[in-house]
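Next up is one chain by itself, shown in structure tokens, the form predicted alone.
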């Protein structure tokens, strides 16, 4: 059998990560930093001050044309046409069975749309979008790997970024964006993020990414800004109850199962997977994502079985120690309905031994 190796790409910030001593791993087709100093230190920086992330591996597509909103509304569960200029909105592309192709963010700019998709789904989503455009009045441009994305997240993110941007960032509402400049370089700045904290995401040409990254660190290291990797980002998003594609969402896990029913707008005339989701909602007998806190120190890991009494009712989808929740071990699990009720005692099987746990409301952590 011939093994074909797929080359791993590098973001525009690869040399910066090497210079900072990051531990790099393949992720989403790119060589990405999983951590610099330690996951705990980086986590603490984001919760207390701010952290700097390279998200340039994420897929970025530009959508242009008068037909974008109508076309995208037929492929997604949330409303697209009602997004205001310079507003962002979370959405989910679904398949015919209601499963999630990908969860994404639409940014409506003045004369175009920016769509950000998960890195692992970038190729799949590009094929899906290209194949669905057909004769609609939509023009697509794939910027994946060409444009960079830098996120600064944490309670001091505004104070750290605002002096270096020519937009009034304090007036920028959550899930809105501005076309501005950062350190004199043209960018789109969005008040969005994936950590459960306030913060901004900066979309910029790859050739200027390293300059901005270095400047932000140099100007804010004394104030406690830390470069952060994928490891701390995963802990932060899990604490905040945010889904990760391939874990809480997948082609065979619907938005309803993931607890994202608020994003499904059944009032839209039609969208791919609507009938399947309506049927699932009416039956209400589906497995769904629930939050779990372990009673002891045993960690719940992806794939571990969850029991209600002696009955196997599902599996862990994500798990981690959660510093923001008293260093408890927390997890999400896809379980049968009766095992998803808050307060229900369950058990997680770890190496043949059942460990006590309890179902809790999501998110585990919410900033004040």
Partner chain sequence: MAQPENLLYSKEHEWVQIDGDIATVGITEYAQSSLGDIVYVELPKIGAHVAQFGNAGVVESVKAVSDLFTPVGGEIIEVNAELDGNPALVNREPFAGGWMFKIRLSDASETAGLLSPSAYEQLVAEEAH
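Residue numbers count along the first chain shown, from 1. All figures in this text were calculated on a predicted structure; none of them were measured in a lab.
Omitted here: the form predicted in complex with its partner chain. The next part is about that form.
*Asks:* So in the predicted bound form, does residue 320 come within 4.5 Å of its partner chain, heavy atom to heavy atom?
*Replies:* Heavy-atom contact with its partner chain at 4.5 Å: present for residue 320.
*Asks:* With the partner left out of view, is residue 298 within 4.5 angstroms of its partner chain in the predicted bound form by any non-hydrogen atom?
*Replies:* Result yes; residue 298 sits at the interface with its partner chain in the predicted bound form.
*Asks:* Residue 197 near its partner chain in the predicted bound form, any heavy atom under 4.5 Å?
*Replies:* Because no heavy atom of residue 197 falls inside 4.5 Å of its partner chain in the predicted bound form, the answer is no.
*Asks:* Quick check on residue 18: any heavy atom within 4.5 Å of its partner chain in the predicted bound form?
*Replies:* Contact check for residue 18: no, nothing within 4.5 Å of its partner chain in the predicted bound form.
*Asks:* Among 39, 231 and 235, does every residue place a heavy atom within 4.5 Å of its partner chain in the predicted bound form?
*Replies:* Contact check passed for all of 39, 231 and 235.
*Asks:* Name the single residue among 304, 61, 307, 30 that comes within 4.5 Å of its partner chain in the predicted bound form, judging by heavy atoms.
*Replies:* Selected residue: 304.
*Asks:* Of these, 308-316, 39-47, 338-346, 52-60, which stretch puts a heavy atom within 4.5 angstroms of its partner chain in the predicted bound form?
*Replies:* Contact-bearing stretch, as computed: 39-47.
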